[in-house]
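Listed next as structure tokens: two forms of one protein chain, kept apart as structure 1 and structure 2.
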Structure 1
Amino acid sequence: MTKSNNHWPDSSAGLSRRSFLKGAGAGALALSLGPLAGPWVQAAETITIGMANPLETFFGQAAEKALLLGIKQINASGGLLGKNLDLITSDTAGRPDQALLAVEDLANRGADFLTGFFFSEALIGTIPAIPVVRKILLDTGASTPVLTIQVSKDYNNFKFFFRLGPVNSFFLLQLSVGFVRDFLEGKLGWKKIVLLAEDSAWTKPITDSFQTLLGAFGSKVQVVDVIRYAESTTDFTSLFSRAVKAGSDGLFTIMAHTGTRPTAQWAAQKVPLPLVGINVQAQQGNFDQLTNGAAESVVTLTSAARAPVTKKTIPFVDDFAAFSDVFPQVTIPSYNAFSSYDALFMLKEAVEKAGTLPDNEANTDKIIAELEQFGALKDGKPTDLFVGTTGHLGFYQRGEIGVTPLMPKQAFPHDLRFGPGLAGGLWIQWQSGKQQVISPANLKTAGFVLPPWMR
């Protein structure tokens, strides 16, 4: 053993040694790659649902739990077309390159249908995969309109994509503006608000157009300040005092990647402004615990809650809480869990109507056609709506232009219909450690409360 590295005189021995090395390397490569290539042996007697989600997050776990609950119920009542359903999952880790591989992985392992997604950035990563995998993909959590725009531009390659929830970002904006007008202004008499948004690309169109849209919707509420904070902000003190100085009736939040930190500081500093708006992290069942009680009086938009949105909602919420075989610590479904459950049953109905499984492109097209029937327009009105837990669900059709002030000429085929009587989401408020519905009026379980230090 010499002291020095790289001490290797060139000689004819080098030829064989190197070739041995290369051969061994090639062999190892072959051995290692083999198992990655499919196809897994498929049990022909089951229908496989593939879920792609960030499995480490609460949202991924809730969605998985909802799907398993639904599958258990469907199998108990005879299955689908006489076959049992089962679930396989693949992790997207919230990253687009991983989402791409997750979709490919699920297809490789024999998934017949795909569902899932939470982070919009990850969903976008599936664009190269969808035309290749050619399986129906039901998005249950990401709101980016990009995918449905693809459906409108390249139907033949992207017809597989449907969004079951939430409504897309443009509609979320309209929802928010509607809430400000109807509830905050209409019921609480607010006149001025301050927008508090995380500085992400998804919030930019919202904050840019909020005031205009308010005016367009006939509201007199004024946006007196727009505070966009970097996602990595640690200290919100100066932002809150800026909001207070602006003189408003409350803070309207637009947060998804952040939420815990600003909420906790808002409560700790006893900011004299209610915190309402889109606060995705506040949807989590244990948000109050996570923030150590700072959740009290926080309002957020969500797809559904324990309220009679439809006749299916409350039974699902109760079944979900009772379903302790899986993730027992996840007791309240998140918005994407509701949508995942809906997706499953909607799919079941479409498959039964089509009478076939997606074993080739023609049969897949039949199922797609059935899905497209949900919410199809007849005499200008959507019919055949599917009764889900989040509302009456239907899809926009090809060529149909929805009401989207921000993109007036864009169609969103296969996107969830938005409007009264359809899927509209509801607004919940944390009160005494529980989520109460405060809007819309026909579903409300409690009235609005002020933050504890303002009472």
Structure 2
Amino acid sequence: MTKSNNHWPDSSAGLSRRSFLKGAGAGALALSLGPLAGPWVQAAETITIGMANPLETFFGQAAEKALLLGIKQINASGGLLGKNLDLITSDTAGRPDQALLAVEDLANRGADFLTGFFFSEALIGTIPAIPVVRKILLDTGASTPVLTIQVSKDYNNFKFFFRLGPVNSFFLLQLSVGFVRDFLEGKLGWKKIVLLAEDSAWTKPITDSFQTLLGAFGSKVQVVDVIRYAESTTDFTSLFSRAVKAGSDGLFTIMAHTGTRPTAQWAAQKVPLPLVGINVQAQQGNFDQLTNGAAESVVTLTSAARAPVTKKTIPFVDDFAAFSDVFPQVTIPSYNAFSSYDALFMLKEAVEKAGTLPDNEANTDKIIAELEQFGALKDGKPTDLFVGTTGHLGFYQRGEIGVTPLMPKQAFPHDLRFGPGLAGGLWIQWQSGKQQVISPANLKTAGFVLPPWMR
């Protein structure tokens, strides 16, 4: 069963409960387990965006709010090719099996384009559906490189997939290693770290190669222990003791699904190690409340924040906070809210350039070709970059290799380019209940602080 969205914007946004329930009946939506109705559905009144996400989570709600905000703005300015946009949603529940059904559900209900996803395992679960539904799918939350590798291996069946954020796991690793070298080692003088990673698909490329890449990047920092823990872990006491005994300068976290529990226990136990790294839960605007104030001094990588990443970033953050049509309690955009908003407006630009809707595969290919032009190489440099909220965005091309030192012969077509001036991210630290940017220097809003018990 999929879950319907109980929050509905005003009719001026071109959205309605009627359009959501069209073809589904007035009760709960029964998910068809039979053959799909067919990948090409004539769009009569509206252009429908289908979002698949864990709907009951902060990240699902933030992504949905960002899409509804963007849809309202687009519809208010004349729509897309003269048509209003509409949004339908389907719940992945964070599971691979349910994510597969969610994609089929959205296709059966007439979605013209697909977007969403948060858990990498859930995105991987959609692989069988992509060649069948044959609809453009814009990933805005999962970092696994598996899908873009599929684009490289089987373009005809996976050309529909594009990643709008975050950058893939290998690039997240490079960003993390760069932060360790330039900031933790270069500015704070750290010499040893312990990796604390949840045991999930997206973290394995990072933990497996962290020490090797530190050496390749010219860093002398040593990874003195790698602690991978099950997502069901409830007591982190022994893991913290192990990290302290290893003689580390700090804990470098690599966690998406489980950041709240270890953070709360870390603060309660006054673990004498700073907590820095990738902690996706710490990107939530209410993380300080969720951890009862334990967020103080926690550092995480994120895609964007209220800083002048581009000319669009601060206006989006402020518009998101003021947009109260849905989820008024969600006031700070998550990383996938930024990328969802960017995906919508990049798609709008590509559709307008193509001058067509995806009502058959030939027209879908025209839109795909326009999406591929974002970041296309000219004289070895990416061109036609889309100005998003998270940076100047474009995609790697088919056959373009050597983009990561970890897999130099692997191409990642339709994956988000990263680097200075492109996509990547920034590092924020919780200070006095607020998210402050500590790196890069040109976006800095505060300096690094130690946990209260270490000051």
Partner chain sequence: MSTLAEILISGFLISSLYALVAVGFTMIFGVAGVMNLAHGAFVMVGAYIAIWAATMMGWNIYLAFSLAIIGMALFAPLVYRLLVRPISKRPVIVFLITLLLAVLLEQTMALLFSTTPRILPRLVTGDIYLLGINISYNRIVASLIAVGIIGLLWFTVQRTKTGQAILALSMNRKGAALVGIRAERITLLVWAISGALAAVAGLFSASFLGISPLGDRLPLVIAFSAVVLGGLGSIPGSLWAAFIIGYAETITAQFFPEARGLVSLFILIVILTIRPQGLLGREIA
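Basically, rigid core = biggest C-alpha set you can superpose within 1.5 Å across the two forms. Residue 1 is the first residue of structure 1, and the numbers go on in sequence order from there. This one's a predicted model, so the numbers in the text were calculated from it and none came from an experiment.
Original post:
Is the form predicted in complex with the partner chain structure 1 or structure 2?
Top reply: Looking at both copies of the chain, structure 1 is the one that matches the description.
Original post:
If we fit on the core, is the Cα of Lys153 displaced 2 Å or more between structure 1 and structure 2?
Top reply: After core superposition, the displacement of the Lys153 C-alpha between structure 1 and structure 2 stays below 2 Å, so no.
Original post:
Using the core for the fit, does the CA position of Tyr229 change by 2 Å or more between structure 1 and structure 2?
Top reply: Yes: Tyr229 shifts by at least 2 Å between structure 1 and structure 2.
Original post:
Is Ser238 one of the residues whose Cα moves 2 Å or more between structure 1 and structure 2, with the core superposed?
Top reply: It does, since the Ser238 C-alpha is displaced 2 Å or more between structure 1 and structure 2 after the core fit.
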